[in-house]
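Read on for two forms of one protein chain; each stands alone as structure tokens, with the labels structure 1 and structure 2.
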Structure 1
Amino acid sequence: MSVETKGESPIAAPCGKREQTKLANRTAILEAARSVFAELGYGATTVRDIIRATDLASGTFYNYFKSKEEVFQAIQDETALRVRPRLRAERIRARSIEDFISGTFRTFFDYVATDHDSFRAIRRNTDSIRVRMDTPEIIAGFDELREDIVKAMKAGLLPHIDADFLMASMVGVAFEVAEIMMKRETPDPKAAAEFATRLFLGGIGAVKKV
């Protein structure tokens, strides 16, 4: 039985024809929205633009989402749900400060390079995006990063510095470097991760608490 709810990600796989149709419709809306947001930007996109990019009737859209804001949140949350487990797994495996920092950045940049449509949809309109980085799954991802930073400090992998500042710094660098990376003719996740890692490894010692 499907546990899909309006405007939220499906948790269980559908088993009946009706459930499969619902999932297909929802997926079509999200795929169309990713493309339109990436092309036009969040601010310029309308629900009509999203509907026109699908083969669905306008009424079908409102069976799943109330507005473009809900669609945008769903895209952000689904993106976070896909990448969060990979990021956490890398941090859990870390046995040194370099493992922790490089694993986080490498995993994020690799994901961005392979799912560039979702990233472009989220980052296309910078002003709008920055006030919308507050969806449940994205916030949960930030919280997980902070928790892992604190655990790494207790385990001796990281020096005792301000966990909130370090979390915010890693998130900011990750998004901004990824955006520059994706604007290049040939995105290079490895080079981006190496740069971010060297930047942090060279700077963390300077902010170590005494």
Structure 2
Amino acid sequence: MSVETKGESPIAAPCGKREQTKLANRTAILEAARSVFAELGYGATTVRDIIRATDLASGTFYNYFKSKEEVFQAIQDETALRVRPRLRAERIRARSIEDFISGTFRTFFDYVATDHDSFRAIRRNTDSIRVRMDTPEIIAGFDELREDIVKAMKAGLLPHIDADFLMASMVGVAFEVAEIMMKRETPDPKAAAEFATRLFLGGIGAVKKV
């Protein structure tokens, strides 16, 4: 019942030792998993590989995550959690459809080029096999994009077209172009964003005008 806070930060993070190590363990597992996934690829890594990369017992892992899938999902969610607010802010700021499109792509490609490690952990693959997991955070991000598209249509900023198709196209172009971009010696997010923006604003013909 005591309100005493021991002189620590009064409101922030877990203070109890229990909560502290719980968070530390969770972080350690995620860290190890990220590294092992980036090294071996999703398919080739076993839960034991991840456990071995920490100094925890095998049973402890299962106190935090149910399976390999769940760690992977957590990693992806963490990443999505970082990008989503930026994308949302960028789109809220947009006053024209041009801003909407270019801001979205610019933000996305900039982020991918920056968070190199997460990208490798998520996309690195063995035997040309790639895994894509649509986690709640990621799905929420897609939904958000679709809703903003619908809003833009209602506001007359965008002609009435199939919002699902448009969202899917933006997602497809973003992910696929990002992969090409990251395969290159020196990833150029500006070039990628300009390409995607031009495509969506004017099609491939419009590039002629440059």
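Take the two forms, superpose them, and find the largest set of C-alpha atoms that agree within 1.5 Å; that set is the rigid core. Numbers given to residues start at 1 and step along the sequence of structure 1. It should be emphasised that the depicted structure is a prediction, and the values quoted were computed from it without experimental measurement.
Legend: structure 2 corresponds to the form predicted together with the DNA, while structure 1 does not.
Once both forms are fitted on their core, the CA shift for T197 between the two structures remains under 2 Å.
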